[in-house]
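Below you will find one chain, with nothing else, as structure tokens; this is the form predicted alone, and questions on how it binds or moves follow later.
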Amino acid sequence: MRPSGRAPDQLRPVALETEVNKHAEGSCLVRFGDTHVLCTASIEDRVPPFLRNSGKGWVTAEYGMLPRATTTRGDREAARGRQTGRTMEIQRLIGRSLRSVTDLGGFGERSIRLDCDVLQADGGTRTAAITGSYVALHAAFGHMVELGALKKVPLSDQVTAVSCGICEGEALLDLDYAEDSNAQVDANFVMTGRGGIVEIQTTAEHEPFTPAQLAEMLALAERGVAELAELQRVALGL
């Protein structure tokens, strides 16, 4: 029995709430159980130097955890004077994931910055951030369409993410912290709405895992991202 009482293939209760920030062009408060992440999308009329005069835009992300997102207070990274390697790795993952489904030539020389702030953490913050960031990004593009700045939303597909793992020899979907901290294998799957794989991050925490176990986790992830993609469509009114 999982600590939460869920079935092995069951997601935590998921909620995607849009328009939670009146200033951002797109916003989404995403909840995966007790993991809550605020995702906002901001449009900037400039691009990084390597894209100037290219006719292409850019999508990037920043990620951070509030001091009391966890059981004990953590210092703000700004107070330390630098970001941790974990923070940089996660925000790069979010950016790569969103760019994988974005037509960078479809919105001019503009940048869209996704800010993902973890309000409360109980495992799976990166997967929640990717899932919520897609909603915020789509909303920002929709805002540009409403203003007449774009003819259509330059997204080729949805993108979402979910964690899986092997706990006590059993493959589980969407790990919370109690499971993640004791998992024998920890995995994150980033996939598109059509089932394409963007990225898989899988680590054996103790003994190596088998191809059969990886296939079992992938099957769980496919089911989970399909549910999350439907929730994204509902949140966006698609």
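Since this is a predicted model, take the numbers as computed values, not measurements. Residue numbers here begin at 1 and follow the sequence given.
Although not depicted, the form predicted in complex with another copy of the chain is the subject of the following passage.
With a 4.5 Å cutoff on heavy atoms, Ala121 counts as touching another copy of the chain in the predicted bound form. Residue contact with another copy of the chain in the predicted bound form: Thr18 places no heavy atom within 4.5 Å of it.
Within this chain, Trp58 is remote from the site of another copy of the chain in the predicted bound form, having no heavy atom within 4.5 Å.
Another copy of the chain in the predicted bound form is approached by Asp117, whose closest heavy atom lies within 4.5 angstroms of it. Annotation: in the predicted bound form, residues Ala79, Thr210 and Leu214 each come within 4.5 Å of another copy of the chain through at least one heavy atom. Only one listed stretch (128-136, 85-93, 161-169, 146-154) carries heavy atoms within 4.5 Å of another copy of the chain in the predicted bound form, and that stretch is 85-93. Annotation for 191-225: interface residues with another copy of the chain in the predicted bound form are Thr192, Gly196, Ile197, Val198, Glu199, Ile200, Gln201, Thr202, Thr203, Ala204, His206, Pro208, Phe209, Thr210, Pro211, Leu214, Leu218, Glu222 [heavy atom within 4.5 Å].
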